[in-house]
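In structure tokens, the next block holds one chain alone, the form predicted alone.
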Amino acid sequence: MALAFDEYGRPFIILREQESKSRLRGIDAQKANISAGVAVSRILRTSLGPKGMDKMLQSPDGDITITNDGATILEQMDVDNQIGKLMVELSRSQDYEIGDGTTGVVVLAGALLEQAEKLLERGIHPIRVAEGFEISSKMAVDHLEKISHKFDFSATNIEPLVQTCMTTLSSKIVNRCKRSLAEIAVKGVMAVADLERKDVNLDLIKVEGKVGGKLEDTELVYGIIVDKDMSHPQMPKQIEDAKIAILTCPFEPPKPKTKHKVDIDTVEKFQTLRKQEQQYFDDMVQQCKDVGATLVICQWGFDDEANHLLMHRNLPAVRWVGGVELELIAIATGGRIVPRFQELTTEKLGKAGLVREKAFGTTKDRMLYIEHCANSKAVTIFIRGGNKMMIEETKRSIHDALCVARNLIRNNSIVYGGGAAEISCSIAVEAAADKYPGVEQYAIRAFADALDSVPMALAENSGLQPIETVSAVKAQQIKENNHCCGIDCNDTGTNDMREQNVFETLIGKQQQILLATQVVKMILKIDDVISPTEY
């Protein structure tokens, strides 16, 4: 793009390769952007809530994903449109920051865009609309703060955390086991949580899955599970009070890093070389035995000779263990990762009460359980399921539940779910609109209408009459001054979300409103789109 001036000094823009570019300006550009954003949000609208539908996505290489997690759906969709990509990033940032509410944030952004389009058609300037939305989002966030409840939990009383995690899991495919999975997630988080600092390091919770068994067999292991077995079939399958040497150096003779060549022209020389190699292996195994190790976990492999020698010297070993798993084993057992045999000392050994190998079903699949560790700050959630897709979806659901539990430990404020918080905010924003004399009051009312789209989608997905249901709940909230009334998705006979135990985290809800408003404001401020045309 270049700027030029005509003979009267008036500027005009010259586009390079103008004929190969398409250009949209003004209201056309805004409408095109809005329709792209709304199209993405409509895809996710049917996935919202406990009765939401799942989406099936096929990747270019034929892998199939079945999920109703907003972030995963948008991540796997191949979105070409730039505004569509903004919606994908919106969902991703909600996932990174909060871990839950990824569908709701996109549905809310889509509803705001739909409302903005109506205002633009009336001739209201996009910046005034954006400013009105900005004012409304601050009001909504402040109102959420007012209606939120704090609840107390402790290491012994985890029921409030479990109830909130169950709300998250109820919209997933695993909702029939939501109680047991929520308990597993909360116990896992409490095991690694630092309650004084109000911090949780989710890296210490490893989520491992194995096809076979049923979802009810999912368990929490206070230790580490490694998808490996002992390197030799005759090694002991169970070691009590194990002292573990964690090695990143290979069990083989050292190789010079420079180019080299060994000339062997007699049998004696070959025998000498073989003896020397054997001596190396002997020394390595002896070093491990001398420091008192009863189990060796190695990042690299070792050949059959070393394996036989380890077996012969009664030193069980595990090979080809990944770097991340090694770090977790080191954290859990209180050991150090040793890069050279010369540095191996007794202090660097990890300690575990029990290391056992467990076989599954009729297959030869085995896994290694490292339990009763010295430092129980690392835990594993071991998921079982009928097929690979089920396990992957359960992993995503567990991730959401872990994030919710972590957010509650950081900030123990909750709001009521089932659309109750959105309806309450909508009423508050609508009431405040009259105080603004400018054009912004139209945008503020539109924001209130957009907030109603979340409970509408919930009602629609639950097979209820959306407009009728939402207006009835809204009237009930105003009449009883009770902000706990929401959509009765599960048909339990009560609208009170307190009785239904449907909670959501306050920071998750606030983040949803702020992120959705930011993205919509950004889209509204674009009035010129120059894009290359496709041949």
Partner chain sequence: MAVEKLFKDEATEEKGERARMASFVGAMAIADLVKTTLGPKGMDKILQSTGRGHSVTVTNDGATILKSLHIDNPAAKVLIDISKVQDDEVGDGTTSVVVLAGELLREAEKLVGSKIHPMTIISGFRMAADCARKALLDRVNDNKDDASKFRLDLMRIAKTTLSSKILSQDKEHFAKLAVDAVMRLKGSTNLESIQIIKKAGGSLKDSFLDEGFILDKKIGLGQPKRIENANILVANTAMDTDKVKIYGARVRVDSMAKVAQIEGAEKEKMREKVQKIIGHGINCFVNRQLIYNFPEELFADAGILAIEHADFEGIERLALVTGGEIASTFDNPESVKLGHCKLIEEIMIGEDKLIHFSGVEMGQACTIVLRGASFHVLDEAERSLHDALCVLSQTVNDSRVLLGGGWPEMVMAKAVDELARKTPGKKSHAIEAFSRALIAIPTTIADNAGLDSAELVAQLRAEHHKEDSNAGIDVITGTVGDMSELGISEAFKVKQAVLLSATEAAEMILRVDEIITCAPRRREDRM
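Keep in mind it's a predicted model, so treat the numbers as computed, not measured. So that the term is clear: the rigid core is the largest set of C-alpha atoms that superpose within 1.5 Å between two forms. Numbering follows the first chain given and starts at 1.
The same protein has a further form, the form predicted together with the partner chain, not shown here; the description that follows concerns it.
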property: Gly52, Asp265 and Asp304 all contacting the partner chain in the model of the complex, non-hydrogen atom within 4.5 Å; result: yes
property: Leu514, heavy atom within 4.5 angstroms of the partner chain in the model of the complex; result: no
property: 4.5 Å heavy atom contact, Asn495 and the partner chain in the model of the complex; result: no
property: is_contact(Gly385, the partner chain) in the model of the complex, heavy atom dist at most 4.5 Å; result: yes
property: Contact flag, Gln234 vs the partner chain in the model of the complex, heavy atom cut 4.5 Å; result: yes
property: Interface segment, criterion being heavy atoms within 4.5 Å of the partner chain in the model of the complex, picked from 183-191, 308-316, 287-295, 140-148; result: 308-316
property: Selected contact from Ile507, Ala36, Cys484, Val473, since only one has a non-hydrogen atom within 4.5 angstroms of the partner chain in the model of the complex; result: Ala36
property: Heavy atom within 4.5 Å of the partner chain in the model of the complex - residue from Ile135, Ile173, Ile158, Leu204; result: Ile173
property: In the model of the complex, residues of 36-62 near the partner chain [heavy atom within 4.5 Å]; result: Ala36, Ala39, Val40, Ile43, Thr46, Lys51, Gly52, Met53, Asp54, Lys55, Met56, Leu57, Gln58, Ser59, Pro60, Asp61, Gly62
property: Core-aligned C-alpha movement of Glu196 between the shown form and the other one reaching 2 Å; result: no
property: Rigid core superposition, Gln271 Cα moves 2 angstroms or more between the shown form and the other one; result: yes
property: Core-aligned CA displacement of Glu75 at least 2 Å between the shown form and the other one; result: no
